[in-house]
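Only one chain is included here, represented as structure tokens and corresponding to the form predicted on its own.
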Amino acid sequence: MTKPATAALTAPHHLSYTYKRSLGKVLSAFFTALRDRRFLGIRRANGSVLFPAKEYDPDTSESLSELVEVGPTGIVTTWVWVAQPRRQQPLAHPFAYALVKLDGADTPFLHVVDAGSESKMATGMRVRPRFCDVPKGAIDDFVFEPA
């Protein structure tokens, strides 16, 4: 004999974050540099440079502190075209998400390239940043465009 189905139990819930994160020395310097239209990576023990700057080496967990200016130009290592952006995406018109390796950095990072059309995108292309009028020190203060 099977039991009759019962309604699922539900309860209202509001998710919120009522705290602010302290950025610390490395990330404060990184975001301050963005506000000043500069890019900071960080040197690892093996001499390579990570961008964006991180407080700890992702491979060794070693604390990192030697900030290094990189870029501002770089190359696209791979990309995908967004033909129909959704409301929450960074641009309202078609654009690319790309892994960009800034000059002087050894690691690429994911960011937006506003190329105008898919035909203008290519792996290996050079890009440069285009900053908003008044940068506030956030990762969305800029997009890349073909150099």
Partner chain sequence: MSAKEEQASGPVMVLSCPISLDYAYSAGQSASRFLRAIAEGKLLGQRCPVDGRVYFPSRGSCPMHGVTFGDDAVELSDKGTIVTFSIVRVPSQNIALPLPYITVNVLLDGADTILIHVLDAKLEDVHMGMRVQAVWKPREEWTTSTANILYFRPIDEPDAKYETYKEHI
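Numbering follows the first chain given and starts at 1. For clarity, every value in this text was computed on a predicted model and none was experimentally measured. Heads up, when I say rigid core I mean the largest set of C-alphas that superpose within 1.5 Å between the two forms.
Below, we refer to the form predicted together with its partner chain, which is not included among the displayed structures.
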Which is the contacting stretch out of 41-49, 81-89, 115-123, 58-66, given heavy atoms within 4.5 Å of its partner chain in the predicted complex? 81-89
Any of the heavy atoms of Arg21 lying within 4.5 Å of its partner chain in the predicted complex? yes
Applying a 4.5 Å heavy atom distance criterion, does Thr107 contact its partner chain in the predicted complex? no
Against its partner chain in the predicted complex, would Arg130 count as a contact residue? Criterion: heavy atoms within 4.5 Å. no
Can Phe31 be called a contact residue for its partner chain in the predicted complex at 4.5 Å between heavy atoms? yes
Heavy atom contacts to its partner chain in the predicted complex at 4.5 Å, residues of 123-144 in sequence order: Lys136, Gly137, Ala138
Arg21 C-alpha moves between the shown form and the other one by 2 Å or more, core aligned: yes
Regarding Arg86 and Tyr17, go with closer or farther for their CA spacing in the predicted complex versus this form, the difference being 3 Å or more. closer
Distance change of 3 Å or more between the C-alpha atoms of Ile139 and Thr18 in the predicted complex: closer or farther compared with this structure? closer
